[in-house]
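So this first bit is one chain, no partners, the form predicted alone, shown in structure tokens.
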Amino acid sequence: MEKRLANWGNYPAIACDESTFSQDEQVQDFISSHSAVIARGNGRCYGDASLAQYSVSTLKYDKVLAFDTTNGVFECQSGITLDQILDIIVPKGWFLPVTPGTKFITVGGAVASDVHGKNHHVDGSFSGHIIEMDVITGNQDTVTCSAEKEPDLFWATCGGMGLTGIITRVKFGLKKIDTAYIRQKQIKAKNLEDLIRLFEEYKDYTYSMAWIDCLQKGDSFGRGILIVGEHATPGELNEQQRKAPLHLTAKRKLSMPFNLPSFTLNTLTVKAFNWLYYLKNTKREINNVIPYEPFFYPLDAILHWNRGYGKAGFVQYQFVLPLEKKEGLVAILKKISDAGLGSFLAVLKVFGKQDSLISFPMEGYTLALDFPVRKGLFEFLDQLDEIVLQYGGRLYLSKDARMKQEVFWQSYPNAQKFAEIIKKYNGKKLFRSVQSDRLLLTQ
């Protein structure tokens, strides 16, 4: 059925013919008679990576196939979402090995984006925990692959944005937990230099991230709040929490009922929000034990929060720079501050080392910022791209909606090898997206 589809940023929105399936045979029949096909999960990537002439929704392909509660191994179809998995595994004392900032993505999407979380410096990205998976390739074969079996297909699929085929089954390892709570520490940093020092001081924590006020100047330039955490033990819970340490009470979620007018997002409102967010922590350091949901998924408490950026939508700009190139981080934040184009959501994390084919992470600093789509934005982001390239960084394909093809080819060192593997498994360019055509991967 043809409909107008957009992903989480609500930009771009294009006319797509969307189909669903619940069996491998249905997919193989569909792709045998169509071209320009891309798999789409819950639409939580931000840009145009899962938009194409024909979109194949995996949401009905959502069965749990096996759960080894002794060894923490989970096997499922690709359309199941992380929130559905958490409802099953947490009461049994297990947690996701890696999770992004939303639990409303599918497992297939987690693989295709090779998602990372607050623990990348310790546990790497999602691909490092996959035991094996099945992919329906452009040859219409279902291929089982892993890091040892058909490794070229495996690594091109992890972070490959669906261009090797449709992921149908994933088997992966879990993380053992004793409670559904997180022991959290928040520390205020007076500026960017102080914040980077705190990241180093607390690098042994499993989970870490920071919010940055990207509109500050002078001595407060880059001020923020570092948030670190560990899975809490039963002894760290209060009396009420200890009664059911692996069970959380369901809370009612708020919802953004409509798109806000675009004029509500401006330098003054962003400055006001940043000022209030920084001052809400009245002490320099706050320690508490909280449920895992507000720690990992604070924005999931507001359904349709993307409507807050208005009808025109927004883009999330996420880049990574090598660890030794923090002056590039300063240059980008200064350019944003000077332009007055601050973001409500400016999240800084530190990546550990990762050897991969096309995945986004490299050892270094990654910053994610949201910008409402408006006149002059893309020209401004082109300028930020130049700085990212200058300092040896790259942009996250899962967040991208406007990167120029030369930026991609210059910043991903294995881009040509990736393109050759795509030709091997998707030689007729059956699987392609608006993004892959824009980046000349499937043209």
Partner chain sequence: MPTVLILGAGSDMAVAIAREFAGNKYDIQLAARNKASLSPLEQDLRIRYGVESSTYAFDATDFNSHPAFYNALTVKPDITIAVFGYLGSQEKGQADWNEASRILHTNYTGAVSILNIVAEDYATRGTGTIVGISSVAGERGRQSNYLYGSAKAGFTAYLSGLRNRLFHKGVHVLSVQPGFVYTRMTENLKLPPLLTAQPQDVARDIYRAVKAKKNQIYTRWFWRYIMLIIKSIPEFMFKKLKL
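None of these values were measured; they are calculated from a predicted model. Positions refer to the first chain, counted from 1.
Unshown form predicted together with the partner chain; subsequent notes refer to it.
Contact annotation: of the candidates 290, 246, 122, 88, the single residue with a non-hydrogen atom within 4.5 angstroms of the partner chain in the model of the complex is 88.
Only one of 80, 136, 225, 348 comes within 4.5 Å of the partner chain in the model of the complex through a heavy atom, and that residue is 80. Remark: residue 414 does not count among the residues lining the partner chain in the model of the complex, judged by a heavy atom distance of 4.5 Å or less.
Under a 4.5 angstroms non-hydrogen atom cutoff, the partner chain in the model of the complex has residue 21 among its neighbouring residues. In the model of the complex, the partner chain lies within 4.5 Å of some heavy atom of residue 26. By the criterion of a heavy atom within 4.5 Å, residue 84 is counted among the residues contacting the partner chain in the model of the complex. Every residue in the set 60, 63 and 66 has a non-hydrogen atom no more than 4.5 Å from the partner chain in the model of the complex.
Remark: of stretches 42 to 50, 372 to 380, 66 to 74, 402 to 410, the one touching the partner chain in the model of the complex is 66 to 74 (heavy atom within 4.5 Å). Of all the residues from 288 to 315, none has a non-hydrogen atom no more than 4.5 Å from the partner chain in the model of the complex.
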